[in-house]
Structure formats: C-alpha cells, structure tokens
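Only one chain is shown below, in structure tokens, and it's the form predicted alone.
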Amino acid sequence: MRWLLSFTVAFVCTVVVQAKSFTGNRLLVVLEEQAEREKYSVFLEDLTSRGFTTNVESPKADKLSLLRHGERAYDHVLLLPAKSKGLGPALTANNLLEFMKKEGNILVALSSEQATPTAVQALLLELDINIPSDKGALVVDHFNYDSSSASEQHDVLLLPFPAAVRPDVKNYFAGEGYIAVPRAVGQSLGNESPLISPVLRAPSTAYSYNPKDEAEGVEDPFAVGEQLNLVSAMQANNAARFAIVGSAEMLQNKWFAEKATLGEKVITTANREFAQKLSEWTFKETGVLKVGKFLHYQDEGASKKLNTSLAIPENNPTIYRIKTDVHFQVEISEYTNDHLAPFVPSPSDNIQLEFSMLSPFQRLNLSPIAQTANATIFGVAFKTPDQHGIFNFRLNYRRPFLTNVDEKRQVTVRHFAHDEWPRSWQISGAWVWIGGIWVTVLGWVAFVAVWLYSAPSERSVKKTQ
C-alpha cells in the first residue's frame, strides 16, 4: 500500500511540474559567474514555476554539451552576458547552429558593459543580425528616457509595449505599461532574410553611439531611429526560435517593478510581464500551430454543401476526374501555454489552399466552418480544372511569430472515361446537327425510292433500211 501511495504522489508531482512548452522542459542557463545568479533570480524562478527544469552552468564547464549522441541534451538555452570573449568549446557558433537544426530554441541577452562573445557575434552574422563592432556602444534617446536614473546619459529608455509588425499578424508581445531598456546594444536586421523580425524597435529619436568616442559616434552612428532594434527574433524553417535582447538588465530583478520617471509622470516598469511574453514565445509556449485532419473528398450529392461532421475519417481519394466538385477541410490548432485551442487568424488574414501542379491552378481562401474543443475546421469547395496530371493539395501558411504550416497531399486528375461523356442527344446544341443528319438520311431514302419506282417513258423507234 505504501508503494502505491508513493507512486501516486510521484505521478501527481510529475503532472504538476510538466512544462508548458510544446517541445520540452529542459532549459540550460549559461552564466559565467554564479554570483550574478541572484540578479536574475525572479526571472529564473518564473521559468521554474512554468515547469522548466533549469540547469545553470558555466560556459566553460567540462561536461557541458548541447548535443548528446546526435540529439539535443537540452530543449532551450538562455545565454546571459559573459565577461570573457570565448564561451568554450561547447558553445561555439557551429554548435549553436547545430542545436537550432535539432529544433532547439535560444534566448541571448547582451550587455553594453561587456564584450559580446565571438561565438555569439558569428552566430548573429549567420542569422543576418548586425550589432556594433565596438565594445560599449549603446542606444540613447533624449526624449524617451528615465529622468530619475539616467538624467545625464539618457541611456535608460522607457518604451511602451510593441505593436504588431503587420495588421494581419497576431501580437504576442502586447501589454499595458512601459518597458525599461537600460544601456541596450542596438541591432540592425538584414533585408535578405524573411525569417527575422523586430520585436521591440527603438523610437525615431534614438541612436547608437559609443560614449568613449562621443564625437565620432554622433557624426557616424551605427544606426538611428527605427533602424535600431532593441529586441529581435528569428524563426527558422524547422520552427527553431532565436531571440536576442539588447539589454540583459531588462531581465534583472531591479527593473521588474522599478519606479521610473518619464517626463513628469511616475510609472512602474512592466519588464517582468514583457520578459514572460518574450520567453514564452522563444521557448514555444505560444505561437505554435498544429495541423490535425487534412482531408479532401468528392461531392457526390446534390446539396453541394461542406460536410461539417466531426466524424469524417481521413480517407482521401488518390484520383479525381477533371471538372469535378471537390471539398477540402483541415483542422488547425494553436498551442497556448499548456493546451491546444482553436486557431483564430487575424480578421485581415487569410489561410489559403493551393491546388497546384508546377504552379498553382487555383489559390482559394479557406473559411472557418466549424470548431471542436481544441481546433478550428477550415474548408472550401471548388471544381477541379480542365487539365489532367499530378496535382497537390498544398497548405502553405507562413506568418511572423507563428510556426510554419506546410502540408500537401498528392492526387491524380484524369480525363473523362469513354462512358462518362454525355450522349449527343443530351446536348441541346447538337440537336441541329442530329436533325440535319436524319434529314439527309430520309431525303436520300426518299430519292432512292422515287428513282427505283419511277418507270422511264416509252419512245417510238423508227427502223431505217
């Protein structure tokens, strides 16, 4: 009886501490000096309370490894600033990239007071994210700063929560209040990669410069205005996520609920809420899409309506005929914290189905037709084109901050069979020609009958000697 009670307690504890992340709960926190752990204690406790198993290690620990036997040793990595420029053999740029290829997620925090490690610099260059090359460069703003803690340097920015990057993109970082961004390292994003997105931009009045070389920095700054990003994100094609925070102090205890002064208004910073939203997205607690049933079928009834029954099996035909009415349905769920919920796209956004060969023959907007407890069923009805060949039902949905959805099913589209063509008398336009044929036939028969039954007239023949 005692072992049964122990087993029950252990099972309950396992359920309670289960991570809310979609990919796992193993979190590696890389911190060079254990004495600085207290500065981030609230942030780390919040991660632990959400179910993560945090393992704080030095970057130069002997047994530290991101991969073990070709698989991830951790699910997520949090890189906090280090004083040394090298992070050791386990945290090279190649190892970090290999970790992301295994769908691992990384959150990097920078500091203007400490040099950025070379491994992080190389990783950022691979991801097309640029930071100032000189140590000590930071972002200042003479209009949006905390006058109580940065009355002279103006290097503690007070900014509202970020807005959505596009009207058709859900904002996972929205909130109320102001975020304190002290002494941040600005980032500029390249224009060639569609995978990177800004999270928190600098105001139009901000610029980046090095206080040690002030005159040169003002004349030729690294970037100005909204070219500067204070927090940036990247999501790879395999859904691995990477986020970079320009100011590690944003994640420290002292700025989680600090009194600050913006102009003449006293405010309380909301860094804790923003840090939670950013870490939730980076560690795949939000913004994860999952595809359920992916089905298509031929409409053989007269109703021509989509079947919204939830019991439709995923038994998709492999062949269709040209000019056939087809129905398509797909279930899409969104993982939010610890459960799957029905996915609801932005009102200005559309999920589209491509019925394509080499290029799409039809691109159709899907409409929500039903909902289950944890998914939304999207569907559309259309007619196959007058073209035979190998086609694909493809759902290719890519939006910033959402995991990519790329699903396809292959089918064959054939011609009409010999006995599927309509008979000539069923086509009203052919009646004229059919009538012409029978008129010709009847006329010929009448002519032959008249010719056969008509005797020639008798003529008198004179016999000549």
Partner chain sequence: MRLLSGFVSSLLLSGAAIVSAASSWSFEDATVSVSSKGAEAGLKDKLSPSTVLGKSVSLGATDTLKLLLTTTDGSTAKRPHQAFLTLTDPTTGLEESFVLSVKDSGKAKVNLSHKDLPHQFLTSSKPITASIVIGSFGSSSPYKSKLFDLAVNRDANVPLTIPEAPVRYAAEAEIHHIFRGDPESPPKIITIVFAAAVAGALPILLGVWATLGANTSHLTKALGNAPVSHALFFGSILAMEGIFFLYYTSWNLFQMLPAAAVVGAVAFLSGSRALSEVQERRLAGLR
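Residue numbers count along the first chain shown, from 1. These numbers were taken from a predicted model, which means no experiment stands behind them. Between two forms, the rigid core is the largest collection of C-alphas that superpose within 1.5 Å.
There is another form of this protein, the form predicted together with its partner chain, and it is not shown here; the text below is about that form.
Picking from 284 to 292, 326 to 334, 254 to 262, 188 to 196 the stretch near its partner chain in the predicted bound form, with a 4.5 Å limit on heavy atoms, gives 188 to 196. Remark: none of the three candidate residues (G175, T412 and E420) comes within 4.5 Å of its partner chain in the predicted bound form, counting heavy atoms only. Interface residue remark: S367 is not counted as part of the site for its partner chain in the predicted bound form, having no heavy atom within 4.5 Å. Its partner chain in the predicted bound form comes within 4.5 Å of a heavy atom belonging to S424. When its partner chain is considered in the predicted bound form, E71 lies well away from it, no heavy atom lying within 4.5 Å. Heavy atoms of H142 reach within 4.5 Å of its partner chain in the predicted bound form, making it an interface residue. Note on the partner interface in the predicted bound form: the residue among D128, D299, E354, E273 having a heavy atom within 4.5 angstroms of its partner chain is E354. For the residues F161, F361, F393, Y320, the 4.5 Å heavy atom test against its partner chain in the predicted bound form is passed only by F361. Contacts to its partner chain in the predicted bound form (heavy atom within 4.5 Å) from stretch 430 to 444: W431, V432, I434, G435, G436, W438, V439, V441, L442, G443, W444.
Comparing the forms between the shown form and the other one on their rigid core, the Cα displacement of N55 stays under 2 Å. Residue displacement note: T440 has its CA displaced by at least 2 Å between the shown form and the other one (rigid core superposed).
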